[in-house]
Ligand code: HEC
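Take a look at this one chain, the form predicted alone, written out in structure tokens.
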Amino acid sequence: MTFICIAAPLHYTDAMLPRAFGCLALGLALGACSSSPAATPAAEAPKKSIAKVDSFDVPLAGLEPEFLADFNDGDLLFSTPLRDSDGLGPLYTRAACSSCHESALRGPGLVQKMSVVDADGVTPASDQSELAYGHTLHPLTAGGGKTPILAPSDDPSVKLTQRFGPPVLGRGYMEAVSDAEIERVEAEQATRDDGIHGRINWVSYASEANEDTRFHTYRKGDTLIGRFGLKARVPALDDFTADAFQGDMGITSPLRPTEIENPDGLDDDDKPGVDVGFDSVNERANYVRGLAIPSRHTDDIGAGLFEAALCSVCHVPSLHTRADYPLAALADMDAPVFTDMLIHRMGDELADGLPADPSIDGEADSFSWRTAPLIGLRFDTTYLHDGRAKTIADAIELHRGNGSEANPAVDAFDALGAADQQTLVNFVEGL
């Protein structure tokens, strides 16, 4: 696939520097809508104000100079296309991070998934052996690769779905949220009588240990709370970056040093050995950590309707962060993330047919999706993980389905008068 690059400004704290971006972004995903009270911080916790940023792809205010330098370096690397000589391939989907997360928003690049399903079209078949190289399509080759991984063309039992690259705005806030907050919300939802019962996706840290231990000291195989990815399969932002390098670009690193299994049986590419070092991964991860949340264009009436319609059960307006998070700007604060970071059962219509498997999406199955953080929606043009919804109202209605935990929320939205529905939609569009 050919991408046409456009120029866009890189927003620094003190100066504006030009840089080339990948492709025009489409929009964010709207996740499981359904209300839980916002996090209640400890009484003694100080209140932090959040700088109003009427833009996107800009750094948090108050970053330390050393980290801001990492942010700026990572920003440039994020949009740099990689080549065969950089280690691209032997299989890849996109050649730059920005191809799937342009200007820190969603898309335009996407990933296609496949799964063998039963006759109902949504339940994973017990035998997935037909997909010898996994459940992700890798349509492009480089660095010696000759054979892409594509869906079988002659088997109607193979379900093919797509996922737009999720936005990365405000992901540092999400990494900073304490485990106890996520566990608290899970416990509160378990007591509800309306069927809205999100659960933590417990996953294994799949990378090797990072030499930079400022943000964590995880070891490969550690069991952690999944936070990132459309099904919360990744627990930390360096892991998220290394995973995308390996799986989407065929770029190996000290965190993910092996090439993915491929039909050509290649265990290397045109750049012998590990393709990039720790710094290449960590600078990109720190760019994502340092991204600000754009200011919201919302009002109290809309916020009240958002709660009345049960949207805030899952799209929890704020969760409290760790006091010891290494970025002081994000430590010990109410992070306005509008997610519970839990996975919820959605309807059959949104199912992707993928089985629950540690090597795929952890404990998330065909019907499970993490509540999407509602960050930067006012810059979007399409919604839901695959972009099928063209309006917020459509996205809300598409949460309805057989077995969906969001059905009570859709019922509550439908019960509102037309004027109140529009006020709620305006609120969400302003996030």
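Note that the structure is a prediction, hence the values are computed from the model and not measured. Each residue number is its position in the shown sequence, starting from 1.
Below, we refer to the form predicted together with heme C, which is not included among the displayed structures.
Three-residue candidate spot 215, 327 and 336; no residue lies within 4.5 angstroms of heme C in the predicted complex by any non-hydrogen atom. This chain lacks the partner; the member of 260, 206, 182, 230 within 4.5 angstroms of heme C in the predicted complex by a non-hydrogen atom is 230. None of 201, 103, 321, 241 but one reaches within 4.5 angstroms of heme C in the predicted complex through a heavy atom, and that residue is 241. In the predicted complex, heme C stays beyond 4.5 Å of every heavy atom belonging to residue 173. Although the partner is absent from this view, residue 177 stays clear of heme C in the predicted complex, with no non-hydrogen atom inside 4.5 angstroms. In the predicted complex, none of the heavy atoms of residue 86 sits within 4.5 Å of a heavy atom of heme C. For residue 292, no non-hydrogen atom is located within 4.5 Å of heme C in the predicted complex, even though that partner is not displayed. Per the 4.5 Å heavy atom criterion, heme C in the predicted complex is contacted by stretch 160-168, the sole one of 296-304, 267-275, 140-148, 160-168. Residues of 263-291 lying near heme C in the predicted complex, listed in sequence order, are 284, 288, the criterion being any heavy atom within 4.5 Å.
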